[in-house]
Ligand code: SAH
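Okay, so here's just one chain, in C-alpha coordinates, the form predicted alone.
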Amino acid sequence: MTDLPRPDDPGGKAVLLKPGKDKAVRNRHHWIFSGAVRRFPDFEDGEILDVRDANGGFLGRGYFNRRSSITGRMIAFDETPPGEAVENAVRRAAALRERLLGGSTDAFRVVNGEGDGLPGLIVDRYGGVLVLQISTLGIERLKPAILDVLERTLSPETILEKSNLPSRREEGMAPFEGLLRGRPVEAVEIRENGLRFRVDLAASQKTGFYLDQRENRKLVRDLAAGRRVLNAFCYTGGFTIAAWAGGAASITSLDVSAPALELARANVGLNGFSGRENTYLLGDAFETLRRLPLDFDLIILDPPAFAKRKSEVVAACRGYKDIHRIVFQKCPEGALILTFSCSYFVDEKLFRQVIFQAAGEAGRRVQIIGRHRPTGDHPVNVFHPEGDYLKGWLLHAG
(Lines give C-alpha, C1' and ligand atoms only; values in the text may rest on other atoms or scores of the structure.)
Protein backbone atom coordinates (compact mmCIF):
# COMPACT_ATOMS: atom_id res chain seq x y z
CA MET A 1 0.00 0.00 0.00
CA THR A 2 1.31 3.43 -0.90
CA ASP A 3 1.49 5.35 2.34
CA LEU A 4 -0.49 8.52 2.83
CA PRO A 5 1.22 11.90 2.90
CA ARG A 6 2.82 12.79 6.22
CA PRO A 7 4.78 15.79 7.47
CA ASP A 8 8.37 15.94 6.23
CA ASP A 9 9.49 17.41 9.53
CA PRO A 10 7.66 15.69 12.43
CA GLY A 11 8.82 18.49 14.72
CA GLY A 12 7.42 21.18 12.43
CA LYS A 13 4.05 20.43 10.78
CA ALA A 14 2.18 19.51 13.91
CA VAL A 15 -0.78 20.61 15.98
CA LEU A 16 0.33 21.84 19.38
CA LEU A 17 -2.12 21.35 22.24
CA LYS A 18 -2.62 23.72 25.15
CA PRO A 19 -1.09 22.89 28.55
CA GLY A 20 -3.25 20.33 30.35
CA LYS A 21 -5.30 19.56 27.22
CA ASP A 22 -3.45 16.40 26.25
CA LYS A 23 -5.05 14.05 28.80
CA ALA A 24 -7.82 12.81 26.50
CA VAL A 25 -5.38 11.97 23.71
CA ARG A 26 -3.02 10.24 26.16
CA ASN A 27 -6.05 8.20 27.22
CA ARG A 28 -6.52 7.20 23.56
CA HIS A 29 -9.68 9.23 23.03
CA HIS A 30 -10.05 10.00 19.33
CA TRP A 31 -11.52 13.51 19.49
CA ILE A 32 -9.70 16.82 19.82
CA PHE A 33 -11.93 19.86 20.28
CA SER A 34 -10.93 23.24 18.88
CA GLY A 35 -10.54 24.70 22.38
CA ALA A 36 -7.75 22.24 23.16
CA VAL A 37 -5.50 23.50 20.34
CA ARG A 38 -2.83 26.06 21.11
CA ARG A 39 -1.38 26.35 17.61
CA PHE A 40 -2.08 25.02 14.12
CA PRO A 41 0.50 24.81 11.36
CA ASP A 42 -0.36 25.86 7.83
CA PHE A 43 -2.47 22.98 6.50
CA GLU A 44 -5.43 22.05 4.33
CA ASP A 45 -8.63 20.95 6.08
CA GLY A 46 -8.77 17.18 6.17
CA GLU A 47 -4.98 16.81 6.25
CA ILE A 48 -3.20 14.39 8.59
CA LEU A 49 -0.92 16.12 11.11
CA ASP A 50 1.29 15.13 14.00
CA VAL A 51 -0.21 15.90 17.41
CA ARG A 52 2.06 17.19 20.17
CA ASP A 53 1.60 18.28 23.76
CA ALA A 54 2.42 21.78 25.03
CA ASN A 55 6.08 20.80 25.48
CA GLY A 56 6.38 19.35 21.99
CA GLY A 57 6.07 15.70 23.06
CA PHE A 58 4.72 13.42 20.33
CA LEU A 59 1.20 12.03 20.98
CA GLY A 60 0.20 10.51 17.65
CA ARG A 61 -1.41 11.52 14.37
CA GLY A 62 -4.85 12.67 13.36
CA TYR A 63 -6.72 14.49 10.63
CA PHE A 64 -7.97 18.03 11.23
CA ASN A 65 -10.72 20.31 9.96
CA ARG A 66 -11.03 23.85 11.29
CA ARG A 67 -14.70 23.99 10.20
CA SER A 68 -15.72 21.41 12.80
CA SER A 69 -16.06 21.82 16.57
CA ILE A 70 -14.37 18.42 16.79
CA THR A 71 -11.40 19.84 14.96
CA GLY A 72 -9.21 16.75 15.12
CA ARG A 73 -9.70 12.99 15.10
CA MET A 74 -6.85 10.65 15.94
CA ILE A 75 -6.00 7.71 13.68
CA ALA A 76 -2.76 6.65 15.42
CA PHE A 77 -1.52 7.03 18.99
CA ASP A 78 2.06 6.11 18.12
CA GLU A 79 4.61 6.53 15.33
CA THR A 80 2.76 4.21 12.90
CA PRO A 81 2.57 5.87 9.45
CA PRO A 82 -1.02 6.94 8.64
CA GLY A 83 -1.53 4.55 5.73
CA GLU A 84 -0.31 1.61 7.77
CA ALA A 85 -2.51 2.64 10.72
CA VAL A 86 -5.60 2.71 8.49
CA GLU A 87 -4.82 -0.64 6.89
CA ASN A 88 -4.11 -2.27 10.27
CA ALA A 89 -7.41 -0.96 11.68
CA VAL A 90 -9.44 -2.31 8.73
CA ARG A 91 -7.76 -5.72 8.94
CA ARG A 92 -8.30 -5.96 12.71
CA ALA A 93 -11.95 -5.02 12.29
CA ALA A 94 -12.54 -7.62 9.56
CA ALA A 95 -10.79 -10.35 11.58
CA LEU A 96 -12.93 -9.58 14.65
CA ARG A 97 -16.16 -10.00 12.65
CA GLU A 98 -14.97 -13.31 11.25
CA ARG A 99 -14.33 -14.60 14.77
CA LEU A 100 -17.60 -13.26 16.16
CA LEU A 101 -20.05 -14.18 13.41
CA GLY A 102 -18.76 -17.22 11.59
CA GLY A 103 -21.32 -18.24 8.96
CA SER A 104 -24.53 -17.27 10.77
CA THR A 105 -25.13 -14.17 8.67
CA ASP A 106 -23.81 -12.54 5.53
CA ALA A 107 -24.79 -9.01 6.60
CA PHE A 108 -22.85 -7.21 9.32
CA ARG A 109 -20.87 -4.10 10.19
CA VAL A 110 -17.23 -4.36 9.18
CA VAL A 111 -15.98 -1.00 10.50
CA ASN A 112 -17.72 0.90 13.30
CA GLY A 113 -16.02 4.30 13.42
CA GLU A 114 -14.17 5.03 16.64
CA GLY A 115 -15.12 1.57 17.90
CA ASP A 116 -12.62 0.18 15.39
CA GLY A 117 -10.15 3.06 15.56
CA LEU A 118 -11.36 4.75 12.35
CA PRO A 119 -13.39 7.84 13.32
CA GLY A 120 -15.70 9.07 10.57
CA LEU A 121 -15.99 5.74 8.77
CA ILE A 122 -18.77 3.14 8.74
CA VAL A 123 -18.54 0.06 6.50
CA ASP A 124 -21.44 -2.41 6.33
CA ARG A 125 -21.43 -5.68 4.40
CA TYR A 126 -24.48 -7.08 2.61
CA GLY A 127 -23.33 -10.31 0.99
CA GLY A 128 -20.92 -9.29 -1.75
CA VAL A 129 -21.70 -5.58 -1.38
CA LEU A 130 -19.96 -3.10 0.91
CA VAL A 131 -21.71 0.15 1.81
CA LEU A 132 -19.68 3.05 3.21
CA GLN A 133 -20.81 6.03 5.27
CA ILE A 134 -18.25 8.82 5.48
CA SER A 135 -18.97 11.65 7.88
CA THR A 136 -15.67 13.60 7.97
CA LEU A 137 -13.45 15.39 5.49
CA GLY A 138 -10.40 13.55 6.79
CA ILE A 139 -11.87 10.16 5.85
CA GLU A 140 -13.06 11.59 2.53
CA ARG A 141 -9.46 12.43 1.69
CA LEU A 142 -8.41 8.93 2.77
CA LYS A 143 -11.15 7.25 0.72
CA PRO A 144 -9.01 5.97 -2.19
CA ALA A 145 -6.59 4.28 0.21
CA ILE A 146 -9.48 2.85 2.27
CA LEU A 147 -11.12 1.42 -0.85
CA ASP A 148 -7.86 -0.30 -1.80
CA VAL A 149 -7.61 -1.90 1.66
CA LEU A 150 -11.25 -3.03 1.60
CA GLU A 151 -10.82 -4.64 -1.80
CA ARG A 152 -7.68 -6.50 -0.75
CA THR A 153 -9.08 -7.56 2.62
CA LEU A 154 -12.70 -8.45 1.78
CA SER A 155 -12.82 -8.94 -2.02
CA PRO A 156 -16.28 -7.37 -2.47
CA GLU A 157 -18.12 -7.44 -5.77
CA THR A 158 -19.39 -3.89 -5.28
CA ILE A 159 -18.61 -0.92 -3.05
CA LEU A 160 -21.30 1.74 -2.65
CA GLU A 161 -21.43 4.93 -0.60
CA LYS A 162 -24.47 6.30 1.24
CA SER A 163 -23.14 9.39 2.98
CA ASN A 164 -26.22 11.53 3.60
CA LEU A 165 -25.41 12.45 7.19
CA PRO A 166 -26.15 15.90 8.67
CA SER A 167 -22.62 16.01 10.15
CA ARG A 168 -21.14 16.35 6.65
CA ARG A 169 -22.42 19.93 6.47
CA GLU A 170 -20.30 20.98 9.42
CA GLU A 171 -17.33 19.33 7.72
CA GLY A 172 -17.94 21.39 4.58
CA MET A 173 -19.19 18.45 2.48
CA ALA A 174 -22.42 17.84 0.61
CA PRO A 175 -24.32 14.54 0.96
CA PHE A 176 -23.23 11.87 -1.48
CA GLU A 177 -24.61 8.53 -2.65
CA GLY A 178 -23.21 6.45 -5.47
CA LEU A 179 -21.17 3.60 -6.84
CA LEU A 180 -17.50 3.63 -5.86
CA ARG A 181 -16.22 0.37 -7.31
CA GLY A 182 -17.62 -2.73 -9.01
CA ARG A 183 -20.99 -3.20 -10.68
CA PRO A 184 -24.15 -1.19 -9.89
CA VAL A 185 -26.48 -2.84 -7.35
CA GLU A 186 -29.82 -1.44 -6.17
CA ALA A 187 -31.03 -4.29 -3.94
CA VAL A 188 -29.65 -7.46 -2.41
CA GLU A 189 -30.99 -10.43 -0.45
CA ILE A 190 -29.27 -11.22 2.84
CA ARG A 191 -29.63 -14.00 5.40
CA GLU A 192 -29.65 -13.67 9.17
CA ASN A 193 -30.05 -16.56 11.59
CA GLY A 194 -31.87 -18.63 8.97
CA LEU A 195 -34.15 -15.77 7.86
CA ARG A 196 -34.13 -13.93 4.54
CA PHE A 197 -34.39 -10.19 3.94
CA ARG A 198 -34.44 -8.08 0.82
CA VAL A 199 -32.47 -4.88 1.37
CA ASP A 200 -33.11 -1.90 -0.87
CA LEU A 201 -29.69 -0.26 -1.05
CA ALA A 202 -30.77 2.53 -3.38
CA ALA A 203 -33.66 3.92 -1.30
CA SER A 204 -33.16 3.13 2.36
CA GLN A 205 -32.35 4.53 5.76
CA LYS A 206 -28.77 4.35 7.05
CA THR A 207 -26.87 1.88 4.86
CA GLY A 208 -29.94 -0.28 4.12
CA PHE A 209 -30.80 -2.41 7.18
CA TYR A 210 -30.62 -2.06 10.96
CA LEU A 211 -27.70 -4.43 11.43
CA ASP A 212 -27.24 -3.34 15.05
CA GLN A 213 -30.52 -5.04 16.05
CA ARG A 214 -29.52 -8.59 15.07
CA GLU A 215 -29.38 -9.96 18.63
CA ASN A 216 -32.53 -8.09 19.57
CA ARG A 217 -34.36 -9.66 16.65
CA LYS A 218 -33.21 -13.00 18.05
CA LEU A 219 -34.63 -11.93 21.43
CA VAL A 220 -38.01 -11.17 19.82
CA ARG A 221 -37.92 -14.57 18.17
CA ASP A 222 -37.46 -16.14 21.63
CA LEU A 223 -40.29 -14.06 23.16
CA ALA A 224 -42.93 -14.21 20.45
CA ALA A 225 -44.47 -17.68 20.82
CA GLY A 226 -48.28 -17.41 21.03
CA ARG A 227 -48.20 -13.63 21.52
CA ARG A 228 -50.06 -10.86 19.71
CA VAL A 229 -47.29 -8.55 18.52
CA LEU A 230 -47.18 -4.88 17.55
CA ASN A 231 -44.07 -3.82 15.65
CA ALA A 232 -44.23 -0.02 15.65
CA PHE A 233 -41.71 1.82 13.47
CA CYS A 234 -41.39 -1.52 11.67
CA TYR A 235 -39.31 -0.18 8.74
CA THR A 236 -38.72 -3.20 6.45
CA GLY A 237 -40.01 -5.79 8.89
CA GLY A 238 -36.95 -7.11 10.72
CA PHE A 239 -38.73 -7.62 14.05
CA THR A 240 -41.90 -8.77 12.24
CA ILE A 241 -40.14 -11.68 10.53
CA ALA A 242 -38.31 -12.56 13.75
CA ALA A 243 -41.61 -12.68 15.65
CA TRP A 244 -43.21 -14.95 13.03
CA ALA A 245 -40.19 -17.23 13.17
CA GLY A 246 -40.74 -17.42 16.93
CA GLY A 247 -44.38 -18.50 16.59
CA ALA A 248 -46.33 -15.28 17.13
CA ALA A 249 -50.13 -15.57 17.07
CA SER A 250 -50.63 -12.34 15.10
CA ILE A 251 -48.54 -9.33 14.11
CA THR A 252 -49.41 -5.72 13.35
CA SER A 253 -46.64 -3.82 11.53
CA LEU A 254 -46.77 -0.01 11.58
CA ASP A 255 -44.63 2.52 9.71
CA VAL A 256 -44.95 6.02 8.27
CA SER A 257 -43.15 5.05 5.04
CA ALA A 258 -45.21 3.31 2.35
CA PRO A 259 -42.13 1.90 0.53
CA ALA A 260 -40.73 0.53 3.80
CA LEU A 261 -44.06 -1.07 4.64
CA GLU A 262 -44.27 -2.66 1.19
CA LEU A 263 -40.78 -4.08 1.62
CA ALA A 264 -41.81 -5.40 5.04
CA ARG A 265 -44.72 -7.17 3.37
CA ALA A 266 -42.37 -8.58 0.75
CA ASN A 267 -39.95 -9.82 3.41
CA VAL A 268 -42.80 -11.54 5.23
CA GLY A 269 -43.63 -13.35 1.98
CA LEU A 270 -39.98 -14.13 1.31
CA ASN A 271 -39.94 -16.14 4.54
CA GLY A 272 -43.24 -17.92 3.92
CA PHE A 273 -45.33 -16.05 6.50
CA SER A 274 -47.80 -14.30 4.16
CA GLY A 275 -50.75 -16.56 4.96
CA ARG A 276 -50.72 -15.71 8.65
CA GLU A 277 -52.56 -13.03 10.59
CA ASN A 278 -50.62 -10.01 9.29
CA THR A 279 -51.92 -6.46 9.60
CA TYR A 280 -50.05 -3.55 7.97
CA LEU A 281 -50.73 0.01 9.07
CA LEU A 282 -49.41 3.06 7.25
CA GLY A 283 -49.26 6.18 9.37
CA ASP A 284 -47.58 8.30 12.02
CA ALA A 285 -46.84 6.13 15.07
CA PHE A 286 -47.93 8.72 17.63
CA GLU A 287 -51.31 9.32 15.98
CA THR A 288 -51.89 5.64 15.25
CA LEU A 289 -51.05 4.45 18.76
CA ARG A 290 -53.43 7.05 20.20
CA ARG A 291 -56.36 5.62 18.26
CA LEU A 292 -55.35 1.92 18.26
CA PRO A 293 -56.67 -0.26 21.12
CA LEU A 294 -53.13 -1.66 21.79
CA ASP A 295 -54.45 -5.06 22.83
CA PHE A 296 -51.04 -6.67 22.31
CA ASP A 297 -48.90 -9.00 24.41
CA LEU A 298 -45.58 -7.82 22.94
CA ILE A 299 -45.01 -4.25 21.75
CA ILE A 300 -41.79 -3.24 19.98
CA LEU A 301 -40.81 0.43 19.84
CA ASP A 302 -37.74 1.03 17.68
CA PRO A 303 -38.04 4.61 16.40
CA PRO A 304 -35.42 6.54 14.42
CA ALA A 305 -33.25 8.92 16.41
CA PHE A 306 -35.43 11.65 17.91
CA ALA A 307 -32.34 13.78 18.72
CA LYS A 308 -29.75 14.08 15.97
CA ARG A 309 -28.30 17.20 17.60
CA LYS A 310 -27.74 18.22 21.21
CA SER A 311 -30.21 21.07 20.74
CA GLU A 312 -32.96 18.52 20.05
CA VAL A 313 -32.69 16.59 23.33
CA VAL A 314 -35.58 18.32 25.13
CA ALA A 315 -37.98 17.76 22.23
CA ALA A 316 -36.74 14.17 21.86
CA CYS A 317 -37.43 13.41 25.52
CA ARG A 318 -40.95 14.79 25.13
CA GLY A 319 -41.44 12.43 22.21
CA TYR A 320 -40.05 9.41 24.04
CA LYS A 321 -42.20 10.16 27.10
CA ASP A 322 -45.32 10.71 25.02
CA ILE A 323 -45.11 7.44 23.14
CA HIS A 324 -44.31 5.40 26.25
CA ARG A 325 -47.14 7.03 28.20
CA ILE A 326 -49.60 6.11 25.45
CA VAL A 327 -48.39 2.50 25.45
CA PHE A 328 -48.43 2.21 29.26
CA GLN A 329 -51.93 3.69 29.45
CA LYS A 330 -53.42 1.34 26.86
CA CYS A 331 -51.52 -1.97 26.90
CA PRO A 332 -53.01 -4.95 28.80
CA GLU A 333 -51.68 -6.15 32.12
CA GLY A 334 -48.72 -8.46 31.63
CA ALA A 335 -47.69 -6.95 28.29
CA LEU A 336 -44.01 -6.88 27.36
CA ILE A 337 -42.59 -3.72 25.80
CA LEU A 338 -39.22 -3.88 24.02
CA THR A 339 -38.16 -0.28 23.56
CA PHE A 340 -35.08 1.39 22.10
CA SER A 341 -33.42 4.74 21.68
CA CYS A 342 -30.67 5.17 19.11
CA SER A 343 -30.27 8.88 19.92
CA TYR A 344 -26.65 9.33 21.01
CA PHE A 345 -27.54 12.54 22.86
CA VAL A 346 -30.17 10.75 24.97
CA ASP A 347 -28.00 8.56 27.17
CA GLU A 348 -29.13 5.50 29.10
CA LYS A 349 -29.72 7.39 32.35
CA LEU A 350 -31.88 10.01 30.64
CA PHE A 351 -33.81 7.39 28.65
CA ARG A 352 -34.57 5.51 31.86
CA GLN A 353 -35.74 8.74 33.51
CA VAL A 354 -38.11 9.41 30.62
CA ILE A 355 -39.58 5.89 30.92
CA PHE A 356 -39.96 6.39 34.67
CA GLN A 357 -41.87 9.63 34.10
CA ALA A 358 -44.11 8.05 31.44
CA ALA A 359 -44.97 5.13 33.73
CA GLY A 360 -45.75 7.53 36.58
CA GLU A 361 -48.03 9.68 34.44
CA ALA A 362 -49.78 6.55 33.12
CA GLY A 363 -50.27 5.21 36.65
CA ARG A 364 -48.80 1.82 35.74
CA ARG A 365 -46.38 -0.47 37.53
CA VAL A 366 -43.55 -1.06 35.07
CA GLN A 367 -40.59 -3.36 35.62
CA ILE A 368 -37.28 -3.56 33.75
CA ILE A 369 -36.61 -7.22 33.01
CA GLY A 370 -33.79 -6.83 30.48
CA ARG A 371 -31.20 -4.40 29.10
CA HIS A 372 -30.11 -4.73 25.51
CA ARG A 373 -27.28 -3.41 23.34
CA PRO A 374 -26.15 -3.55 19.72
CA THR A 375 -24.59 -6.69 18.34
CA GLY A 376 -20.88 -7.46 18.70
CA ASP A 377 -20.08 -6.19 15.21
CA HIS A 378 -20.84 -2.69 16.57
CA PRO A 379 -18.06 -2.53 19.20
CA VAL A 380 -17.67 0.46 21.50
CA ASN A 381 -14.12 1.63 22.12
CA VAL A 382 -13.54 1.59 25.88
CA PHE A 383 -11.59 4.84 25.47
CA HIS A 384 -14.44 6.45 23.51
CA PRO A 385 -17.72 5.94 25.42
CA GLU A 386 -19.52 8.38 23.11
CA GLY A 387 -19.84 5.51 20.66
CA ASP A 388 -22.39 3.80 22.93
CA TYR A 389 -25.50 5.09 21.16
CA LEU A 390 -28.14 2.28 21.14
CA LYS A 391 -29.84 1.36 24.39
CA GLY A 392 -32.81 -0.93 24.83
CA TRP A 393 -35.05 -2.08 27.67
CA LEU A 394 -37.39 -5.02 27.95
CA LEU A 395 -40.25 -3.85 30.17
CA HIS A 396 -43.15 -5.63 31.88
CA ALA A 397 -46.35 -3.65 32.43
CA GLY A 398 -48.22 -4.74 35.53
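Sequential numbering from 1, following the sequence displayed. Remember, predicted model here, so these are calculated numbers, not experimental data.
What comes next is about the form predicted together with S-adenosyl-L-homocysteine (SAH), which is not displayed.
Colleague: S-adenosyl-L-homocysteine (SAH) is absent from this chain, but in the predicted complex, do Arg217, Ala285 and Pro304 each have a non-hydrogen atom within 4.5 Å of it?
Modeller: Contact check passed for all of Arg217, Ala285 and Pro304.
Colleague: If the cut-off is 4.5 angstroms on heavy atoms, which of these, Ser104, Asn88, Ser250, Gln205, is the one near S-adenosyl-L-homocysteine (SAH) in the predicted complex?
Modeller: The option sitting close enough to the partner is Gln205.
Colleague: Please identify the residue among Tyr280, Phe108, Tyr210, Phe77 with any heavy atom within 4.5 Å of S-adenosyl-L-homocysteine (SAH) in the predicted complex.
Modeller: When S-adenosyl-L-homocysteine (SAH) is considered in the predicted complex, the option within 4.5 Å is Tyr210.
Colleague: Quick check on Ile139: any heavy atom within 4.5 Å of S-adenosyl-L-homocysteine (SAH) in the predicted complex?
Modeller: Contact check for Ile139: no, nothing within 4.5 Å of S-adenosyl-L-homocysteine (SAH) in the predicted complex.
Colleague: Does S-adenosyl-L-homocysteine (SAH) come within 4.5 Å of any heavy atom of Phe273 in the predicted complex?
Modeller: Contact check for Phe273: no, nothing within 4.5 Å of S-adenosyl-L-homocysteine (SAH) in the predicted complex.
Colleague: Report yes if any heavy atom of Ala145 sits within 4.5 Å of a heavy atom of S-adenosyl-L-homocysteine (SAH) in the predicted complex; otherwise report no.
Modeller: No, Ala145 sits far enough from S-adenosyl-L-homocysteine (SAH) in the predicted complex that none of its heavy atoms falls within 4.5 Å.
Colleague: Is there a heavy atom of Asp116 no more than 4.5 Å from a heavy atom of S-adenosyl-L-homocysteine (SAH) in the predicted complex?
Modeller: Taking the distances in the predicted complex, the answer for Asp116 is no, it never comes within 4.5 Å of S-adenosyl-L-homocysteine (SAH).
Colleague: With the partner removed from view, which of 163-171, 182-190, 232-240, 79-87 is the stretch that lies within 4.5 Å of S-adenosyl-L-homocysteine (SAH) in the predicted complex, judged by heavy atom distances?
Modeller: Looking at the other structure, the answer is 232-240.
Colleague: From first to last in sequence, which residues of 143-178 have any non-hydrogen atom within 4.5 angstroms of S-adenosyl-L-homocysteine (SAH) in the predicted complex?
Modeller: Heavy-atom contacts within 4.5 Å come from no residue here.
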